[in-house]
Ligand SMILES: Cc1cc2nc3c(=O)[nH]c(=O)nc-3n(C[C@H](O)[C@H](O)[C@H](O)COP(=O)(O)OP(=O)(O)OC[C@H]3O[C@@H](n4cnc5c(N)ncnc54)[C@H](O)[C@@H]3O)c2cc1C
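To begin, one chain is listed below as structure tokens, in the form predicted alone.
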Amino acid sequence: MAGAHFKVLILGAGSGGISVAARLKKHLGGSAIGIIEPAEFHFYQPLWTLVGAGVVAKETTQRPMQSMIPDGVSWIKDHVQNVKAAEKKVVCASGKEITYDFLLVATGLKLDWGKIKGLEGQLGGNGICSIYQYADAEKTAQMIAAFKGGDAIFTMPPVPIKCAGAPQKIMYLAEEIFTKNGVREKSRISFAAAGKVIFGVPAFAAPLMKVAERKKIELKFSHKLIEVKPEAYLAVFEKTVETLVNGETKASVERVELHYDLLHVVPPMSAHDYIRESNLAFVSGPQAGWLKVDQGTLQHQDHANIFGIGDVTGVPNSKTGAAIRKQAPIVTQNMIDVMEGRKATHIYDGYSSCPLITGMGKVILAEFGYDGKLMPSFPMDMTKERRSMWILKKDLLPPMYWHGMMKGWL
């Protein structure tokens, strides 16, 4: 089925797709740009943690997609089925074929709920909740508020995931809600994480360990959730145990079942299947399965007319909205340079930011780049919990997102 042709075709109308479209429009005009996006609504996902704690209403995080598409830019409301990079063509689920001169892959990632056995259809019931989906975030708030005590387990899958701090942010907020509701003393809170540390950047891991100690949270590292048994209120984990044998570290895996009364689930995550099927992803190495771009220029390593932005990219950063805010002007300028016959020379340094909510009114603003390099925006010790950063997170960043970043100004 024949389709349209665009100078720039963008896959995905999330944070990355919209912000770059707004920037490119100023240079190319809207008619040169098309966006393939099936969703009816655009979401500001960083607030879902606060939705899950009952602090803000979920409706404040949602806007109609049509209102987000820059004027003059074409919106193709369809699903991507395949990318034929050699032919400069994208095949949609409807059968429509869209051709392009330049392609921006801004598809985000997918939540692999199906990789946890027994979980399908269980969110919102039998004590199981999650802030990683729009409707379920509000249900999480209801379940946390109604908790009467017992075992509350908050899980963390293997990285990379989007907003790697969120699994523990909602835990800290829940702990305060339990305390306020008078059920904390008869509750046991556990953080069951697939990794070996509470946070990947040591400078911020140290204060977070103190927060967990202060809140009397049990840390269960090397615990990967693989199954839930809702009727029995059991969570099944693969626990990795390392032992020293003849001077060498040997790892073995044990199956562990833990009872829960409240289970907050964060699923494993991956790039969409069509990225791998289109041969656009790394096939090996630490970024296997993610879009094969240069970590500096974000230009595809095999196709000079393809760029990536956001969660889909195979770069060793933390997948956050703040990372996309830094990537957007770099990707935009690199695309323009290549269009005009120059090389892509603008470099993304891996910057990401994670406002680590440690309680109501308390935030540690973690800002860092590649290799965990600290990159603070403010002249103060950013490993400290601060109310000012709570105000930034809750009240200032959302309007900056809607009226600045999504308009191509920030």
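The structure presented is a predicted model; accordingly, all values stated were derived computationally and were not measured. The first residue of the shown sequence is 1; numbering continues from there.
What follows is about the form predicted together with the ligand, which we do not show.
- Of the heavy atoms in R23, none are within 4.5 Å of the ligand in the model of the complex.
- Interface residue remark: T332 is not counted as part of the site for the ligand in the model of the complex, having no heavy atom within 4.5 Å.
- Among residues of the shown chain, T297 is not one whose heavy atoms approach the ligand to within 4.5 Å in the model of the complex.
- Although the partner is absent here, T320 lies within 4.5 Å of the ligand in the model of the complex, judged by heavy atoms.
- The candidate stretches are 267-275, 119-127, 280-288, 248-256, and the one lying within 4.5 Å of the ligand in the model of the complex by heavy atoms is 267-275.
- Proximity to the ligand in the model of the complex, taken as a non-hydrogen atom within 4.5 angstroms, holds for one residue of Y260, Y132, F191, F178, which is Y132.
- A heavy atom within 4.5 Å of the ligand in the model of the complex is found for exactly one of G361, P38, P64, G29: P38.
- Along 91-123, these residues reach a heavy atom to within 4.5 Å of the ligand in the model of the complex: A106, T107, G108.
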